[in-house]
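Here you'll find one protein chain in two forms, each presented separately as structure tokens under the names structure 1 and structure 2.
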Structure 1
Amino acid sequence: MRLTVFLLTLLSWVLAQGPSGQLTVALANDPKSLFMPRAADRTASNVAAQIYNTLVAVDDQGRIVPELATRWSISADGREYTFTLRTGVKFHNGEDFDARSVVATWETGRDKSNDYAGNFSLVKEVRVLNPTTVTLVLEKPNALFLNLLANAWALVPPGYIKQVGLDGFSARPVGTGPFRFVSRSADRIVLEANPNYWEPGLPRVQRVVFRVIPDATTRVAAVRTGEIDIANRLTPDLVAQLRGNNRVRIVSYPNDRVYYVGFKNIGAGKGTPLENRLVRQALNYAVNRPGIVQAIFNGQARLVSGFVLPGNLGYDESLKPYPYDPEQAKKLLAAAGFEKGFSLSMGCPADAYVHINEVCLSIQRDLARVGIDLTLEFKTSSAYWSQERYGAVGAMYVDSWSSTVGEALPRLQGALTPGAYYNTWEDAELGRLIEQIATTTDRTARAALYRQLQRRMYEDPPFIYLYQPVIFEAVNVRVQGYKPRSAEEYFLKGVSVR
């Protein structure tokens, strides 16, 4: 009993101290936007997530839990979600959070200029029943709608966003989250603790500084000297240099992310050999992915056979990754009428991912061996993702897509739904299967649909399937409570520094 009283007293004392200290986090690339519907990649969404709240959240065990909605109900047909909203919450600019905020979030989120407008346009109506109750009406049932709300629907203040517009809001975002925006310059973003945050005892640090440091070697040097506290997307060889450093701990985990070469059958890909199924199969045989994993990642990555990963719902383990077989690739190219090869270009996001430049160069060399002359287009991540459907580059491109929900559906929808911002491959049958998965609430039936989809994506591949990486991060031992998740997400409100 005495111990319990002591611990409760200690906890009360800690909470009463308020946020303190500065946490400095390195970013591997410059976030395109901090407005969540335009946060193009994980780096951007990780920074933005500290500023906002959503109606519901996903906890560390993967459960849906209340956030700005305290409870909810779902209609029998799965199309209407009614939420009771938390009261007494204010945005960083002083506006009250209420049902008008939900409407503004929906209206601004579905703006066609946004990268992820589709996350909002699937709701056809927002009914305001009273200031603290709203109903979201979907066009059709969506098996992962609550997960989508947790990941994408960052609540915005209606008065401010109307006043400054979407571009103005992106420049100085306002939310209800644990940290509020202070400033942004060429190489850093500064946030500070929200003094009126609604969760007792949070956040625990006073200031968060994100430093844009594209070079992984520089990130390691900075964490070694204590200049930064957290550095992610490190290579195994760089991490090895930190072993034995008692000021740094290493965090590693399998990443729920697929790296791939995307093909286009629209835009720059229209009329190219990529439209031929045999050519796309040949390219999968032609790239020496086992060599990439061993030589570039020191074995710290796993070959993949598609967009559904081990551990994802409906993973089909009978499908093995395409083997490296350049002779088979040549046979397929000849059968397709391209025995003399052809020339194309391939985009590469130069500063976005670990070893991505080396990966692109390796692919270029491998395809040259089967007669394909590939011109590489290296671009900064902000330029790379600046245009719809990768319009800044040619018929092929390298990218990756993560999922935060334990299923492949978000990356399938993002990469293969016709009309989506980053969709470059249109296939009516794939679109139909993805739509079925999205609207099927029974998990067993959904798993069967995933397996059917994988088979088709394997036999008629819209991508070269590359690898699933292991993530390595370096964290200063003074950082407490830092828990990244499998899709590289992190939430800093519970993190403290000693």
Structure 2
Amino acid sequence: MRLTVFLLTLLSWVLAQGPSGQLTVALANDPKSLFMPRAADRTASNVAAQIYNTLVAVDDQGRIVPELATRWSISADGREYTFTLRTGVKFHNGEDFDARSVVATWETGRDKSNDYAGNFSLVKEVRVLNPTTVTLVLEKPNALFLNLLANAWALVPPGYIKQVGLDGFSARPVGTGPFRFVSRSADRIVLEANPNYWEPGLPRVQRVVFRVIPDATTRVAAVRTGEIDIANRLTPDLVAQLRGNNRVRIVSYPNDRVYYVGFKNIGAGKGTPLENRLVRQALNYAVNRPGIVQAIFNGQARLVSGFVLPGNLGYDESLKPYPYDPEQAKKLLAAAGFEKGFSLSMGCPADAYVHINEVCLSIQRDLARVGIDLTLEFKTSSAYWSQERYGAVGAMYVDSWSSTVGEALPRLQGALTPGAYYNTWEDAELGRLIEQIATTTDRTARAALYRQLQRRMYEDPPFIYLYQPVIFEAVNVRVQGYKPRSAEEYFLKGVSVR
């Protein structure tokens, strides 16, 4: 009893304290926009997300939990989602949150000028049943719709957005979130605690200042001097400088991203040995991936067995990454009729990812050992991704896909749906499985489909699966409660500073 009273007193004391202190966060690049449908990179969405709320959220365990919707129901055909909205919530400018904001969010979100208009246009109608109940009607069932709502549908105030327009809103955004926008200049974005925030006891810091520091070495220096509290996108060698520093804590976690070598059976890949399954298996054996991880990433990356990663729904742990076995590769090549090897070219997005140039060179050297003469085509990222289906580069290319929803579906759809912009491997069976996963709302059934797909992608590989990177961040020891997620997502409302 005494303990309960003590704990309750402690809790009420903590809640009564209110937000305090300033948290300074380094950004690797200048965010494009703070209007979520235009926040086209992780840096931008990490800043913007602090200003808004969504109808539902994803918790640390990957579960969908209520946010501005207190409960919801899904129609039997999976096309209608009806939400009951939280009452008493106000936007930072004083406007009330209600069903009209959901309509405004949908209408402004699908504006053609937005980068992510597609996240909103998949809803064909928003029906307002009363001020606190809305139904979103989808074109077709979508297994990840709630995740999409949690990630992308940041709710906006209809009155304000009508008054200032989308560009005006982008410059001075208003939401219901834990922090409100204060100012933005060439080198910083300032947010402050929303005094009327609806979640009790949150946020815990009074001010968040985002500073744009493009150079990773400078970000590390600024954490060491205490000018910055959180710095991300650090390389393993930079992190090594921080070991033993008692003012800085290193946070590392595997990123939900797969690096791979793509094959083509269209365009430049048509009529090449890559169309032979044995050749593609041989290439998976021929690349010394453990060596790449060890020598280039200092051991700080994980080998992968496919496009579905540990922690993703339906991950099949019985599939082990292809081992490095050049002899097996030679045998498979001989069996496929290519004992003398062959020549091909491979595109590489120069400097677009950490150490990617070295990775490309390693692959070239490894394949030479089994008789494959690879010509590397290095291109800058804008040239690399500017053409549909990697048309600018050869029959093979190096790339990566991430996912922010705890499932592999977005990268599967991006890379393997026949006809998709970046799809280079056309396989009707894979396409059918992906479509089934995308429209199956039952998680158990979806997990089974993922397992089926993984086995197929393992035995008849459309890629050489390379590795999953580990992300490093440096955090000042005065920061408490900071837990980034695998897609480098920041959640700052629960963070406090000593």
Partner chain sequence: MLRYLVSRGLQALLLMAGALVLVFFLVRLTGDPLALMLPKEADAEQRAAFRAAMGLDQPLWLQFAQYLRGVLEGDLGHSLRNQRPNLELILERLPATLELALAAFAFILLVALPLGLLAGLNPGGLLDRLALGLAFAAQVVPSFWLAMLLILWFAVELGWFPSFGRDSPLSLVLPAVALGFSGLGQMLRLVRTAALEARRADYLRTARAKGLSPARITWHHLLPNLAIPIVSVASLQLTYLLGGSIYIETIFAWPGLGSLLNTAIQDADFPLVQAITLFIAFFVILLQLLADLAYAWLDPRIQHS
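Computed from a predicted structure; not experimentally measured. Structure 1's sequence is the ruler for residue numbers, which start at 1. Basically, rigid core = biggest C-alpha set you can superpose within 1.5 Å across the two forms.
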Looking at both copies of this chain, which one is the form predicted alone?
1
From the candidates Y253, V103, K162, G341, the hinge of the rigid-body rotation between structure 1 and structure 2 falls at Y253
Enter the domain rotation angle in ° for the smaller rigid part relative to the larger one between structure 1 and structure 2.
31
Core-aligned, what does the C-alpha of Y259 shift between structure 1 and structure 2, expressed in angstrom?
5.6
Once the rigid core is matched, what's the CA displacement of Q300 between structure 1 and structure 2 in angstrom?
3.2
